[in-house]
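The chain below stands alone, shown as structure tokens; this is the form predicted alone.
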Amino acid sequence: MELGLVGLGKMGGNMRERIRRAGHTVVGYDRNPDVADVDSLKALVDTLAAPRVVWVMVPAGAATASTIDELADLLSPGDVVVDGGNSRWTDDIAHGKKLGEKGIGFVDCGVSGGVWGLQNGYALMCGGAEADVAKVQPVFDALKPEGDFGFVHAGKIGAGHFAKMVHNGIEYAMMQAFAEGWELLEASDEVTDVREVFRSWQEGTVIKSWLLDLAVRALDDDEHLDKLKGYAQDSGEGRWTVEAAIDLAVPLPAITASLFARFASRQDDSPSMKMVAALRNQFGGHAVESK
């Protein structure tokens, strides 16, 4: 089939290549003319035969909204727009309504796989009407990993990004658990080869996983992570997961704690710990450290 792909960065560029390797035609547009196949969204739409499928892989928020708004004026009834970025699921509902008023289908798709997707395939979680998903199915089949798993039609519009949001929340907690375990091992006088302990867990344990494999790769590159600063950003999905849990009254203690741990990583001198130190000094005369 033919596909229009908007956004050819690290993810989008590799996705274009994987889809082409599966025998499909991809017409790509990016603001960087060095990687684009056409020079505008209009040219992209004009190149594709109807009914068209246009996949949007640009940053969530304003960039995605403006792209979809422009496509709404360029596409025709029966065409389908796929948002494969990390949009918030509530935005999907608004985009689906806007496009639906013009007879244009909308599918939201959470995509996981990162820089390894070209080689290993991408896990895909999509939401939308059955008929619209069916129009995109050949591309989903090209992008997903080999085998029976890696793709799900999770439900109606918004379901794909909601599922991806929860996936990323779980990822936060899993990474935090590996990080805390590593720090405890490093602090131990008894354990003299932390990297090889991590490596030994890669087979025969209940925590064997791709994340564990990546942790071992990182330790192979920098055994004690001396080259890195203890600072970790958070993406929108972690915050949105916690917010959704509050809205739905679902307890998420591990995921919430892992999000707050990232906030703590940005503090060189914790304000809250200053108050804890001051209180310990006040009620117990415990020593405090001055700058």
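In case it trips you up, residue 1 is the first one in the sequence shown, and so on. Since the structure is predicted, the reported quantities are computational estimates derived from the model, not experimental observations. Note that the rigid core is defined as the largest set of C-alphas that superpose within 1.5 Å between two forms.
One more form of this protein exists, namely the form predicted in complex with a further copy of the same chain; it is left out here, but the text below deals with it.
- Exactly one listed residue, out of Glu130, Glu101, Glu146, Asp73, brings a non-hydrogen atom to within 4.5 Å of a further copy of the same chain in the predicted bound form: Glu146.
- Contact with a further copy of the same chain in the predicted bound form, judged as any non-hydrogen atom within 4.5 angstroms, is confined among 260-268, 37-45, 22-30, 50-58 to 260-268.
- When contacts are judged by a 4.5 Å heavy atom cut-off, Ala142 does not count as touching a further copy of the same chain in the predicted bound form.
- In the predicted bound form, none of the heavy atoms of Thr64 sits within 4.5 Å of a heavy atom of a further copy of the same chain.
- Although the partner is absent here, Leu211 lies within 4.5 Å of a further copy of the same chain in the predicted bound form, judged by heavy atoms.
- In the predicted bound form, Gly78 stays away from a further copy of the same chain, with no heavy atom inside 4.5 Å.
- For the partner-free chain shown, Gln267, Asp269, Ser270, Pro271, Ser272, Met273, Lys274, Met275, Val276, Ala277, Ala278, Leu279, Arg280, Gln282 of 267-282 come within 4.5 angstroms of a further copy of the same chain in the predicted bound form, judged by any non-hydrogen atom.
- Comparing the forms between this form and the one not shown on their rigid core, the Cα displacement of His24 stays under 2 Å.
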